[in-house]
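Only one chain is given next, in structure tokens, and it is the form predicted on its own.
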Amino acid sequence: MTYCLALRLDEGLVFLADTRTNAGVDNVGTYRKMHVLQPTPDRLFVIESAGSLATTQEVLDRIRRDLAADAATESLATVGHLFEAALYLGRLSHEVASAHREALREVGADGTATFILGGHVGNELPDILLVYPEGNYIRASDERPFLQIGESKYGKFMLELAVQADVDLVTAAKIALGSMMSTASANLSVGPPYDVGIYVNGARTISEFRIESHSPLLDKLSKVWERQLLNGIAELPPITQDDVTDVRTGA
């Protein structure tokens, strides 16, 4: 399983992805799921992936092949808008999954992949889009300026409670890590190392760093996160008999 998320904020973009892959309890690996591409100085793309690792890797190989081809070939270097990059990514993903569908069906496997595409093209404002296996896409809304792929349910509440477009990037990174830690605590198929990307509007580049499983930062965040949750439970009001109804008597 996988968990990746992206936030679109007034100051820029935040990306976070785990690196754990799971093909069974005895086949757990680590693969990068956040990929940064800057084919020309006027554009930058961040691709996060969930689903079939084989499909993801072939899609990335095709992207690099097209970038190395002549200028007449459609690629991330030739698209004029971010949404065109999303359609291009979706088409590649659909083609790859379709090419292997029959063989995978024979062994009961699903070869589809889902992507988050973020970044900018030219002078357009940075944005984030979710690209479906069918090849189409959606944008994050202004009311909920975030996207998730993979194991999204456990960390969604943190994003919905805390994310606002005007939150600063440092706070947003904390929120994203809180969402990731909630997910990792509930699902062992999600875990560190975690890859983080922070894009400041106008910077034309992205800051990337990795949080390892033995990182003092991760240990500190986990302890504070757990302590605050326990403190929050302790501050909840008491539940008395006047607050509830006896199911036997109705009183």
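Predicted model only: the values in this text are computed from it and were never measured. The first residue of the shown sequence is 1; numbering continues from there.
Here the subject shifts to the form predicted in complex with another copy of the chain, a form of this protein not shown in this document.
Within this chain, Tyr132 is remote from the site of another copy of the chain in the predicted complex, having no heavy atom within 4.5 Å. In the predicted complex, another copy of the chain sits within 4.5 Å of a heavy atom belonging to Pro216. Interface membership of Ala140, defined by any non-hydrogen atom within 4.5 Å of another copy of the chain in the predicted complex, is ruled out. Another copy of the chain in the predicted complex comes within 4.5 Å of no heavy atom belonging to Asp127.
Residue Ile206 is the only one of Leu60, Leu53, Leu37, Ile206 with a heavy atom lying within 4.5 Å of another copy of the chain in the predicted complex. For the options Ser98, Asn136, Gln164, Thr73, the residue carrying a heavy atom within 4.5 angstroms of another copy of the chain in the predicted complex is Gln164. With the partner left out here, another copy of the chain still marks one of 76 to 84, 107 to 115, 155 to 163, 90 to 98 in the predicted complex; by a 4.5 Å heavy atom cut-off that stretch is 155 to 163. Taking another copy of the chain as positioned in the predicted complex, the residues of 218 to 232 that bring a heavy atom within 4.5 Å of it are, in sequence order, Lys220, Leu221, Val224, Trp225, Glu226, Arg227, Gln228, Leu229, Leu230, Asn231, Gly232.
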